[in-house]
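Below, in structure tokens: the form predicted on its own, a single chain.
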Amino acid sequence: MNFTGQWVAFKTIVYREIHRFMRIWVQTLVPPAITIALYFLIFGQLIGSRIGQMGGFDYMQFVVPGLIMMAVIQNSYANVVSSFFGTKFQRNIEELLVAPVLEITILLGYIVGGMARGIAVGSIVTLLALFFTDLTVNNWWITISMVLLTAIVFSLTGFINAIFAESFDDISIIPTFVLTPMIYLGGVFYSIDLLPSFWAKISLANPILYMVNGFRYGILGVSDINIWQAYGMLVVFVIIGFSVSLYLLAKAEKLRT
């Protein structure tokens, strides 16, 4: 298949992925927005008023970037893992594998679909945040690039999880036992400067810390880590995730339930 054919296949996958979560937007876009709004209310308004300032900002302003990034992470991941495993479970993936469509075309289509849902929910959460606090962007380039790179990383993570999953229960293991703890311990609600030195060093092993702080720097201009370290971490994870995903898709051994 030539470039035009690959482009048509890519657009078709992206359209299907976006149409899939937009068709049931009440289930895919509204619930996570409501959940994050509750975080704004509880942590920002009720608890934040008692905490005062953190990092030179009101506590509400400090946690908003982390909560936005949390929405992007969870929804980029959820869209790809559920969609690709559903395709695999229903045996539709076999039609893609025998078609003259390159593995990279399939992978890019799912990545863009995951990014679309993650960014859509992140945008809704950002609009909701404006009802609770004032937001000004310190650096648009860093803010946008951090969101895009993070959405790519967790779209790839969801893709890899879907390949290895053998049942619908398997696709909930990573979010429950890995992703959620990493998010809560990734500096969403606090600065690691508050931690004892030992635990602060342990936190540096959490990749989500770099994503949250990179995005926080883009919004507020403050970060617990060097912004170039954050970019380096994200680029490395994108390269590793993309390479592993492409290899597993080409190998195709795990794509049959």
Partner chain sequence: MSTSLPPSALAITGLKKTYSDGFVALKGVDLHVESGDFFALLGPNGAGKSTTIGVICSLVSKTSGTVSVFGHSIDDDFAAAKRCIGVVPQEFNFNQFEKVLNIVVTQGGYYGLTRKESLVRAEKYLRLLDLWDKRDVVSRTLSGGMKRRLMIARALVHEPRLLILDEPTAGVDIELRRSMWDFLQQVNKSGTTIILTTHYLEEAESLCRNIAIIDEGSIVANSSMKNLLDKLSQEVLVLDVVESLPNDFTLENFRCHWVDEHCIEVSIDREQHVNTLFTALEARQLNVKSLRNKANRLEEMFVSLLKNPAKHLDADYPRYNFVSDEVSV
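Positions refer to the first chain, counted from 1. Everything numeric here is computed off the predicted structure, so don't read it as measured data.
We do not show the form predicted in complex with its partner chain, though everything after this point is about it.
Participant: So in the model of the complex, does any heavy atom of Ile13 sit within 4.5 Å of its partner chain?
Facilitator: Output for Ile13 is yes: heavy atoms within 4.5 Å of its partner chain.
Participant: Flag Phe168 as yes or no: does it have a non-hydrogen atom within 4.5 angstroms of any non-hydrogen atom of its partner chain in the model of the complex?
Facilitator: Within the cut-off, so yes.
Participant: Would you check, heavy atoms only and a 4.5 Å threshold, whether Thr126 touches its partner chain in the model of the complex?
Facilitator: No, no contact at 4.5 Å.
Participant: Can any non-hydrogen atom of Gly109 be found within 4.5 angstroms of its partner chain in the model of the complex?
Facilitator: Contact with its partner chain, no.
Participant: Using a 4.5 Å heavy atom cut-off, which stretch among 147-155, 183-191, 97-105, 127-135 contacts its partner chain in the model of the complex?
Facilitator: Result of the contact check: 97-105.
Participant: Among Ile24, Gln27 and Ser82, does every residue place a heavy atom within 4.5 Å of its partner chain in the model of the complex?
Facilitator: Judged in the model of the complex, Ile24, Gln27 and Ser82 all sit within 4.5 Å of its partner chain.
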